[in-house]
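Single chain ahead, by itself, as structure tokens, in the form predicted alone.
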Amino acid sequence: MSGSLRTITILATKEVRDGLRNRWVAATILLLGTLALALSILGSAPTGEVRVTALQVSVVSLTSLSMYLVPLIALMLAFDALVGEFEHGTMLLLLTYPVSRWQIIAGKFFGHTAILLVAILVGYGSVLGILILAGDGDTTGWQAYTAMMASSLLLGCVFLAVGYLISALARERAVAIGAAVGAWLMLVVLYDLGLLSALMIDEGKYISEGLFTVLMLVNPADAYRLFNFSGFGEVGRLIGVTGTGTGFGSGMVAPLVAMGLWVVIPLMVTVARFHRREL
């Protein structure tokens, strides 16, 4: 077991080094930090009857930002993780070493997860530190913000797993990048549009609140949003979704389970597909 762990660590370290050498990764970290700071400044003076802090307003803004940006970053990291190695001929060389195929997947996954972690910590963590030092956050505010950061990493892991599955199924890198963009559009953009259209057509006849919650949990991006908006009362009141998901006993557990399944199942299918793929 120690040998497998060491192999995975070596592979993960290689992925981190390769990723951090890419300028677009550094640009992504800068973009996350800049947008997070801008949104936090714009929402730093909340008004209204319900008293909320700048951190709580930032959770709403950054959740919406992360739902679009984090999946795209993860897919761009992962879409050529396997098919790119096959096209460049490095996969055959890699498999000549005493390393199994599942270890390759695990090493790449943990390496890319580490890159996402750095991006989120630097991009969002710096804003959290600034707001806390400025005194714009109570206990609920920073708890909601740190939960948003952690769930953003989990959302990134979901789309890393989806990206690996695409990379394992695709035969060409160009096909993989097209499929990755299609997956992003389907899961992040078109699914919500379709769900909204269905609600408008249904007019409350068949789609109950419970069914609506299930339909949201099916989609990882909506599960992420549900977790951040329903887990903390004041944050939920800002957008009027407090209580959503309470039919599951907890507004926070069900979305986490849903996103966890979106990580595990695609990775299992990727490993199975990778084992069957000929070199």
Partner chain sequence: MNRDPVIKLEAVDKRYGKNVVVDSMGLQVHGGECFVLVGHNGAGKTTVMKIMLGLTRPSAGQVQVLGEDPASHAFVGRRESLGYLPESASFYPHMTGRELLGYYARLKGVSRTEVARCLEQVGLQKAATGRLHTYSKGMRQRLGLAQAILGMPRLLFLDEPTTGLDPLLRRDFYQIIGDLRASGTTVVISSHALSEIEVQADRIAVVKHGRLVACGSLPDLGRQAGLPVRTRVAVAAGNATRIAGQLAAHTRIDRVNDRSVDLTCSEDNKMSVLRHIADLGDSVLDVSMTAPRLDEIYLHFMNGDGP
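Numbering follows the first chain given and starts at 1. Note that the rigid core is defined as the largest set of C-alphas that superpose within 1.5 Å between two forms. Source: prediction; values computed, not measured.
Only in words, not in the display: the form predicted in complex with the partner chain, which the text now covers.
Only one of 110, 191, 102, 142 comes within 4.5 Å of the partner chain in the predicted bound form through a heavy atom, and that residue is 102. When you look in the predicted bound form, the only residue of 174, 92, 133, 185 with a non-hydrogen atom within 4.5 Å of the partner chain is 92.
Contact between residue 206 and the partner chain in the predicted bound form is not found at the 4.5 Å heavy atom cutoff. Not displayed here, the partner chain is approached by residue 11 to within 4.5 Å at the level of heavy atoms in the predicted bound form. Residue contact check for residue 23: none of its heavy atoms lie within 4.5 Å of the partner chain in the predicted bound form.
Residue 202 falls outside the set of residues with a heavy atom inside 4.5 Å of the partner chain in the predicted bound form. Judged by heavy atoms within 4.5 Å of the partner chain in the predicted bound form, the contact stretch among the candidates 148-156, 92-100, 174-182, 69-77 is 92-100. In a rigid-core overlay of the protein, residue 23 has its C-alpha displaced by at least 2 Å between this form and the one not shown.
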